[in-house]
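One chain comes next, on its own, written as structure tokens: the form predicted on its own.
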Amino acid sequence: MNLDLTLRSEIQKAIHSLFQVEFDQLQLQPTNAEFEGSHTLVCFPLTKISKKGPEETARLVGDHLQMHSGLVNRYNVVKGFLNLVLHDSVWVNVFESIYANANYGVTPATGKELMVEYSSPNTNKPLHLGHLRNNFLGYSVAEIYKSIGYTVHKVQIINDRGIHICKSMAAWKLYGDGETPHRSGLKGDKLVGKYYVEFDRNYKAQCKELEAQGLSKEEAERQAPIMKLAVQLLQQWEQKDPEVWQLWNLMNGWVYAGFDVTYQRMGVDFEKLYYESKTYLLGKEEVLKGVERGVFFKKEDGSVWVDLTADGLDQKVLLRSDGTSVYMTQDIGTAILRFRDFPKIEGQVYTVGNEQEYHFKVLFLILNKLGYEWARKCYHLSYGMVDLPTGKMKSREGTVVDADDLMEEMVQEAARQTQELGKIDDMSQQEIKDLAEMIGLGALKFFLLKVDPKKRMLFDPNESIQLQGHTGPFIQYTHARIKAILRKAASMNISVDANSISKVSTLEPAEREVILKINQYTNKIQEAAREYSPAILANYAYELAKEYNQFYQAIPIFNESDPVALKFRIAFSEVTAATIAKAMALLGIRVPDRM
């Protein structure tokens, strides 16, 4: 039973009967928590056809629904808002249809395809806290779209070329003494990141020394020997110097091996990897074609530009005077290549921080000017930066919160708290380890995903791991609690079937509230997809867990003497657990059966 569609149909019938007109622009929304009811009809738009005030219009519709629909038990009117209270039998029917549907919340394949890009790291440093939010967001959006019937292609663009990569290479050549991940005991990405920091430290020292010798700040920055070496390496790379390419491949290989370990623990995956070192050439090709067609123009120094002043922006360089490309060049090539590789995709979703909003606005405009109609299907999933209680992160200064370190700390804290609770005495060491991993990473993911992506956020590790409050562990604990109830029911040989559910005639208020929440699940998935916001599902899972806990506190399940009510509450608990698990899975979070 699709309650929302059924209720809309009954309201339209009431409006037609009362006012003799067809009206399909209904504004039906969830009832505000401070008022009684589950659905609220906004009656202000109806006054044009009722020729009456909003409150009288609401009462007329409410009376008709109460008398004729079979759905509405009672109603209340607050100004022009009609709050509807449905019969318990309606909620039982709703629950019955959900219970019978093993694939509740999953849409069959639609034939539509979407590409989601996330992570997109540089190969000069390990992944950090910001990358965690990026990966968790992109992965979750991809999973949400899969659940509504899309074929989703998860991809990343690896920024594996450019001056920042050559900085790590320069520092390793000068100070590395042949150090390798195996010899140092460091993950490959951490070793390369170490030399990125080393570059910055020596660069600053050299600039300071040159300034003391009388050079201006700008000149010192250009003349610093370590920077000159990095620039030389970049030029040699562009010229495909064999020795430089060998070093570049070696150090990038170390980084990829390190990234793979991090991604595995994050629980994210990719269907296809794109590399800037390969896509930038296609971008340059397209830019030069654009010059021939008059889409772009050349300046006297040979640099290529696009004029976006007519679009309310400014002029943007696409190729430097020496012919080298910029980030925009590479992104043009990458976008075109992806639509060639996956011609059926409805669009591309770029999961990139909000400091790049202007960049993507320009990119989409350029692609449109080049004649690619699919440019309108590109979307920038812009997200806010993650702040820490200790301040802003800076990669080149080595002050970032390393992703591996943070995940490990969260798991260790989960293990410590689990030991303190003392409910794991009968678990094996492997089971305890798996549980700590589940709780620690679940806490981290939930905290980073529960905030609207567009908002800047403060990550508090201590708050995120708490068992009480708006946290992942609270939801995980609720799921484990329900699983314990189901195990007890099984040990008591309490079996549930559809017939036992249909015999229920009345519901407790707490039961009604949980069924209402469960019934919202499919709408919440659609809303999360539409808004590209896993936060909608994260907060839904929390609200569902909270409602179930209120039911659990109010109604001792196994004290129930009526076998029909007892079986219903077991079934009701089973569906709640399944819905929590499904919602959390779309966030990339596992839920335990014991905790």
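Numbers follow the displayed sequence, beginning with 1. Please read these numbers as outputs of a predicted model, since none were measured by experiment. For the two forms, the rigid core is made up of the largest set of C-alpha atoms that agree within 1.5 Å on superposition.
The form predicted in complex with the RNA is left out here; the points below concern that form.
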| item | value |
| --- | --- |
| Answer range among 370-378, 185-193, 504-512, 295-303 for contact with the RNA, defined in the predicted complex as heavy atoms within 4.5 Å | 295-303 |
| Touches the RNA in the predicted complex: Thr279 (any heavy atom, 4.5 Å) | no |
| The RNA contact in the predicted complex: His64, any heavy atom under 4.5 Å | no |
| Contact label in the predicted complex: Glu56 to the RNA, heavy atom within 4.5 Å | no |
| Heavy atom of Asn202 within 4.5 Å of the RNA in the predicted complex | no |
| Candidate spot Thr31, Ser325 and Glu355, all three touching the RNA in the predicted complex (heavy atom, 4.5 Å) | yes |
| One residue of Asp426, Glu209, Asp269, Asp314 in contact with the RNA, assessed in the predicted complex (non-hydrogen atom, 4.5 angstroms) | Asp314 |
| Contact assignment for the RNA in the predicted complex, among Lys79, Arg340, Lys289, Lys217, heavy atom within 4.5 Å | Lys79 |
| Neighbours of the RNA in the predicted complex among 553-590 [non-hydrogen atom within 4.5 angstroms] | Gln553, Ile555, Pro556, Ile557, Phe558 |
| Displaced residue check between the shown form and the other one: Val77, CA, 2 Å or over, core reference | yes |
| After fitting the core, Leu467 CA displacement of 2 Å or more between the shown form and the other one | yes |
| Exceeds or equals 2 Å, Cα of Val42 between the shown form and the other one, core fit | yes |
